[in-house]
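We begin with a single chain expressed as structure tokens, specifically the form predicted alone.
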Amino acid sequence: MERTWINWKIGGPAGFGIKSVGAMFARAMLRLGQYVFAYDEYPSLIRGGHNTYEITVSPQPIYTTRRPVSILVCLDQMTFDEHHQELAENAIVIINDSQVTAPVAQLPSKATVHVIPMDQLVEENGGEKVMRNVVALGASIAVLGVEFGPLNDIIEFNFGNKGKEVDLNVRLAKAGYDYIKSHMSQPSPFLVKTQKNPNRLFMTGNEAIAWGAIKAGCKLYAAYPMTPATSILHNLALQARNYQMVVKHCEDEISAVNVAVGAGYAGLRAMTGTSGGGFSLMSETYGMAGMMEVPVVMVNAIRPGPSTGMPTWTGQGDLRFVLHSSQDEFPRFVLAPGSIEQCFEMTQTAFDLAERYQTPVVILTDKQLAECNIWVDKLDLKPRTLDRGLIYDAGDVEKHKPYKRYALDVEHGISPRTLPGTPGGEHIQNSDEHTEEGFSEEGSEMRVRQMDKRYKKIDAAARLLPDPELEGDAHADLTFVSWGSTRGAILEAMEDLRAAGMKVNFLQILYISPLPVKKIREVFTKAKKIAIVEGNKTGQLAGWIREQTGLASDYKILKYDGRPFFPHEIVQSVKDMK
């Protein structure tokens, strides 16, 4: 089947409902059985600035935002000025006549412009000027040749029981819809057909992590809001009462991580979340959890840095930081999901690993995965067995006297832990190097034995964790290797490269630490050419792989401008390879 897609983009000033109307457009497309991927850009401002929201719509599964833009909706002049270069040759431009002029000379030769008196239609129907976005939404649905019904349903769903608001928004959307229907002089090149609607979900990565934590039995989430991790806090706060959770908005990140580590020590499944700057503040406690062998899950949703950097944009520059953060060395698990389903599943895995190996586990995402809304067929909601690890109750302690919290003669470096209040399980717990009983100890022999014990965990996990799968052609001309949110753009680029006659495959690294060294060596040895794709300046995964395996890729495809990879950029990079 030939791959088809439409990219719809709306832009305007902050406060004009760009994201909310975009979400309604996307949900209307989902209702028609289409696959959607929604991506937004907004400046790092508390208020104001230029916002855009774009949605790639396809009858086939779609994994990231596509370019060029098929339909551009301009609520203000800046949207046209900033984005007309992104238009497809046969693009449609919808403009508000009182706010925008679209010089023909700046448009592609086959582009069509629909000039709509949005402010006039808003006034005639009793709305406020800010509601011109709803008129534009109705016009967009008409351009796609879609019946008004699905949009009507979405508006009713969106505004719930607000009767007057529902009627007003339906009226405004219908005004925009009818205006296009009565003034469109030629057929639209972009038509959307109804497909079977399997009631797909529409989720962000942060929502998937939040629900993964709930399913994993997380009972405490502590965080200080920091873009792009903030909505994990919001989503869990909404569900706290339903799932008997404590969700705490702390005064800063240092407090948040200490609350989470304290809860983990007490036996709760606990998590905290932040971005790079917040993770910097958490780094000392990150190491303390490693030394004290306390299970805790930490989410680092990456945004470009260093320092404050670009708070509302995306990147993958924190990989090395998370691998080396905090003093000295300790076993650390770093997981990197690349899809909504993986965010959901790997968050559950993170809790199991944290408790099984009694150590902090970090989930790495970025703004692209954390905040984009993406279609999901379904999530596995079946009950699961939690792996709480080696926890001694009073009977176990009695059977294995004397109890030693940091016993050295143990399998895989995992000493049994007791939870506070366990009779006979009393022990010393501090952040110093320690004896088997937990007393501070600075002798060289005990230091080496405790370090070696802790590191046995990472060796054991490396043998037990599943290897990544190689997706795509068995005998590929080129093998992509990557991690995290780049997955979507790579899958889309692979489709384009295959259409051009090239054989390609893809190795997605889900576990950054411990790294699946054996599988990587196997893939690197067999591949004709390797290209590592990353959203950072220096190729941090490429360096980590070389450090761990001694193997280097043939090419690096890197991007670090704060924007996600678009498939055509990867395709062009492949064409430019020598």
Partner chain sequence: MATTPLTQRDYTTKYTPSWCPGCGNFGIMPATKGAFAELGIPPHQIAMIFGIGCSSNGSNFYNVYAFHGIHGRSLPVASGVKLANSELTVVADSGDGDAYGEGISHFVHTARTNIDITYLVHDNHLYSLTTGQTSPTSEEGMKTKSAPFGNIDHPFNPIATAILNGATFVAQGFSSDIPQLKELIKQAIKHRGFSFINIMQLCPTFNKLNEFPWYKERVIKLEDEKHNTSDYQAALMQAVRTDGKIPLGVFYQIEKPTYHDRLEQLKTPLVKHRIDRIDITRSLEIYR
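Positions refer to the first chain, counted from 1. Quantities reported herein were computed from a predicted structural model and do not represent experimental measurements.
Heads up, the form predicted together with its partner chain isn't pictured, but that's what we're talking about next.
Remark: of stretches 314 to 322, 179 to 187, 415 to 423, 117 to 125, the one touching its partner chain in the predicted bound form is 415 to 423 (heavy atom within 4.5 Å).
The closest non-hydrogen atom of E371 lies beyond 4.5 Å of its partner chain in the predicted bound form. Using a 4.5 Å cutoff between non-hydrogen atoms, T285 counts as a contact of its partner chain in the predicted bound form. Its partner chain in the predicted bound form is not approached by D153, whose heavy atoms all lie more than 4.5 angstroms from it. When contacts are judged by a 4.5 Å heavy atom cut-off, F159 does not count as touching its partner chain in the predicted bound form.
For a residue to qualify, one of its non-hydrogen atoms must sit within 4.5 Å of its partner chain in the predicted bound form; none of P13, S280 and S307 qualifies. In summary, among the residues K196, R241, K401, H475, the only one with a non-hydrogen atom within 4.5 Å of its partner chain in the predicted bound form is R241. This chain is displayed alone, yet in the predicted bound form one of I214, A460, L491, A102 has a heavy atom within 4.5 Å of its partner chain; that residue is I214. Interface residues of 241 to 262, taken as those with a heavy atom within 4.5 Å of its partner chain in the predicted bound form (partner not displayed): R241, Y243, Q244, M245, V246, K248, E251, D252, I254, S255, N258, V259, V261, G262, in sequence order.
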